[in-house]
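The chain that follows stands alone, in the form predicted alone, written as C-alpha cells.
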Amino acid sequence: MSHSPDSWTILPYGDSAFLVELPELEAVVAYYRGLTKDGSHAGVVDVVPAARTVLVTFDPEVVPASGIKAWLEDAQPAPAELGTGRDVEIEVAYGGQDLAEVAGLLGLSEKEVVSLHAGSVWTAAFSGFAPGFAYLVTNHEKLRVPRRSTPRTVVPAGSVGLAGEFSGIYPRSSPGGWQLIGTTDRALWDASKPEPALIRPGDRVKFVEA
C-alpha cells in the first residue's frame, strides 16, 4: 500500500467540501485515522470515509477552502495504534444459517471459523447500507468468502455476517446477501442517543462468543 500523497487525489465537492480519492480501502482507513487522530480541525463539519474515498465537509465562514485543502494535502496516514476509535465488544451467538457453508468454502471446521472470527480484531472502515451498519475489516483475508448467490428477502436484525473482505452486523431486519454466521442482541442504532451508532468509523470491534 502506498502512503504517498501522490497516491491520492483531492477534488472540490461543491463550495464546502472536498472528496479525497485513495487507491484502496486500507489507504482510506489509514488516511482517515491521520485526519482524526488529533481531533477535529477548525471549521470541519464532518469526515466521512467510504470504500475508496474520504469526504470532508467544512464551514467556509470559519475556514477557507484553501486552508482545508492544505490540511488534506499535509495529512499523514496513521497506524491503528494512533487512531481515535473506541473499543467495542460484541457478544455473538455463533451458529448462523450459513456457518456450515462458510466453513466448507474456507476448508475449515465450524469451530475454527468461530475461533478465527472471534479471535480477530476488526476495524470499522466505513458506514453504509443502513443506519448503524459498519463495514468491518481485519488484518488478514482468512475469512474472505463470496456473498450468497441468492440474497435472502429477510435477514433478521442482529445477524452477523461475512461478505468479501468484510464482516458486519445487520442493524435491522432487511434483505441481504451476506453469509450469516451468528447473531447478537446488541442494538446497533438508537436514534434517541446523541451518538446513535454503536459502531463508528475508526472503532475497533472485538467479537466474543456468547
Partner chain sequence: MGIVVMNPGPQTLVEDLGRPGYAALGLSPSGALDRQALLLANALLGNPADAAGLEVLLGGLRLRFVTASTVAVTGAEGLVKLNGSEMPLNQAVRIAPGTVLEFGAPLFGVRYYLAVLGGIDAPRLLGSRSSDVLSGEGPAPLRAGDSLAVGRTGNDASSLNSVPDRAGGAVPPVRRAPDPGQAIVARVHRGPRVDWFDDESWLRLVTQHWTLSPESNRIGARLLGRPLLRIRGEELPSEGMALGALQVPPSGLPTVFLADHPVTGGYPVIAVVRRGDLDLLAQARPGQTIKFLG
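Under this definition, the rigid core comprises the largest set of C-alpha atoms superposing within 1.5 Å between the forms. Predicted model only: the values in this text are computed from it and were never measured. Numbering follows the first chain given and starts at 1.
Form predicted together with the partner chain: not shown, discussed below.
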_in the predicted complex, is there a heavy atom of the partner chain that lies within 4.5 Å of any heavy atom of R200, even though the partner is absent here?_
yes
*Exercise: T57 in contact with the partner chain in the predicted complex, heavy atom 4.5 Å*: yes
_Just checking whether G132 would be counted as a contact of the partner chain in the predicted complex - the rule being heavy atoms within 4.5 angstroms._
yes
_Non-hydrogen atom contact A70 with the partner chain in the predicted complex at 4.5 angstroms_ = no
*asked:* Which is the contacting stretch out of 41-49, 138-146, 156-164, 175-183, given heavy atoms within 4.5 Å of the partner chain in the predicted complex?
replied: 41-49
*Quick one: once the rigid core is lined up, does L188 have its C-alpha move by 2 Å or more between this form and the one not shown?*
no
*Tell me, please, whether between this form and the one not shown the C-alpha of V44 is shifted by 2 Å or more, with the rigid core used for superposition.*
yes
_So, superposing on the core, is the move of A197 at the CA at least 2 angstroms between this form and the one not shown?_
no
